[in-house]
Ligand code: FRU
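The chain below stands alone and is given as structure tokens, in the form predicted alone.
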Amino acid sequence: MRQRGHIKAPENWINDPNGFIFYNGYYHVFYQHFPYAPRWGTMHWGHAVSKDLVHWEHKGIALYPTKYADQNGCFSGSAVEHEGKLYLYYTGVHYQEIDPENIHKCLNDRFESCQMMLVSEDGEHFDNLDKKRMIIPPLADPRIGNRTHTRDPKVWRGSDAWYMVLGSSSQEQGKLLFYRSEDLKEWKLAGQTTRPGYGWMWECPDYFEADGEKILLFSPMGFMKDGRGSEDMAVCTLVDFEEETCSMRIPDEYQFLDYGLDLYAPQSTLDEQGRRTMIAWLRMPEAVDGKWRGMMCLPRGVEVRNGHICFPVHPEVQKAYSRKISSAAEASEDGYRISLELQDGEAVHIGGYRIWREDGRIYTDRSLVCVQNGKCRMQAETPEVKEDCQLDVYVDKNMIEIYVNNGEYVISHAVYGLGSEIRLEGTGTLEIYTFED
């Protein structure tokens, strides 16, 4: 199944991106996948590849449960290349009490998690029966981390060894655990860090450097308490990290990864040119046509401008939306891009989705094109945009992404039943582009 632009579920359910990497001439994105229904269940790893981050092909299931340790799911993780081979790291889950009415769920949060690996010789074949091994067993000391809630290994090469960061929880406070390895197989605990006020569990941590700054992406659970939608949010912040001691200082200041608050579980890699590139999962409140649920945002760069983390759309993606058209009716079925400058008091309507600028902020309202079932927020806003306000709006049938000033802020939303009308309330002009076939 080929797709352009966004990676969408080939069928049924997908969530977190896993193992995002450029390997053997292709970008690989693995993802959490329940292949039996458009709802969360026992996790497998689906697999999609692309030459250019725009044209994607689903390759089927890469990881699936085969061991006692991952009997109830192959959960999120990452990938690295070493000596021409692709090393996959993931969290294996084993239920200690299974729901008798639904074997894909456990009861009373009674499960244990371990960290596992599988090595693929070529990124195409994955021996789930004989090539898996446990590298970090379920944690035994609750002072270090939670036996149940420790997961999502992100692995990278440091200056002198391999490193891994895990999300965990201790005494109802989220934390990070750092491990070090010489050979990618034997791992030893090397450090840990926490910071009060960021929720009770930290999922999907990702640490890297960009533009000379050290950056942490993570998804704290129980972070938002406004009662308007999910409490679990993806955030990012500049940090101090000392590799020798694996100590990290996390400040009080943070940014949301995306101000639509629909994106979660981001993961980054280096693209073919060495640019830091990120994708994340779009949480969708309902299935599309009852058939599929879940997609990824467009690949984005990661830049730091004057101490602020920015997420511009990846240059290859922007280049793909290059054929100018006069209306949305002329667009490819894969979507289109609108470019405009928005002044205070002006607005643009896109098929029932409204974007406007007021007091220097960008606001959005999707209440006409999204089911109001309490699972997501209808309105969104950015912090104040102090300079000019150039918008690039990427529109798909089920997702809108608004890039403010080339990624200074981004708002992304799931949408349903979007119309084709585009109407500008203002004095400026807008331009529309679709895929260059």
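Being a predicted model, the structure only gives us computed values, none of them experimental. We number the residues from 1 along the sequence you see.
What follows is about the form predicted together with this ligand, which we do not show.
Distance criterion of 4.5 Å from any heavy atom to this ligand in the model of the complex singles out 204 from the list 296, 204, 284, 79. Against this ligand in the model of the complex, the set 16, 32 and 151 is in full contact: each member has a heavy atom within 4.5 Å. Interface residue remark: residue 75 is counted as part of the site for this ligand in the model of the complex, having a heavy atom within 4.5 Å.
Under a 4.5 angstroms non-hydrogen atom cutoff, this ligand in the model of the complex lacks residue 64 among its neighbouring residues. For residue 36, no non-hydrogen atom is located within 4.5 Å of this ligand in the model of the complex, even though that partner is not displayed. Put simply, residue 68 is far from this ligand in the model of the complex: not one heavy atom of it is within 4.5 Å.
Residues placing heavy atoms within 4.5 Å of this ligand in the model of the complex fall in a single listed stretch, namely 36-44, out of 364-372, 379-387, 36-44, 53-61.
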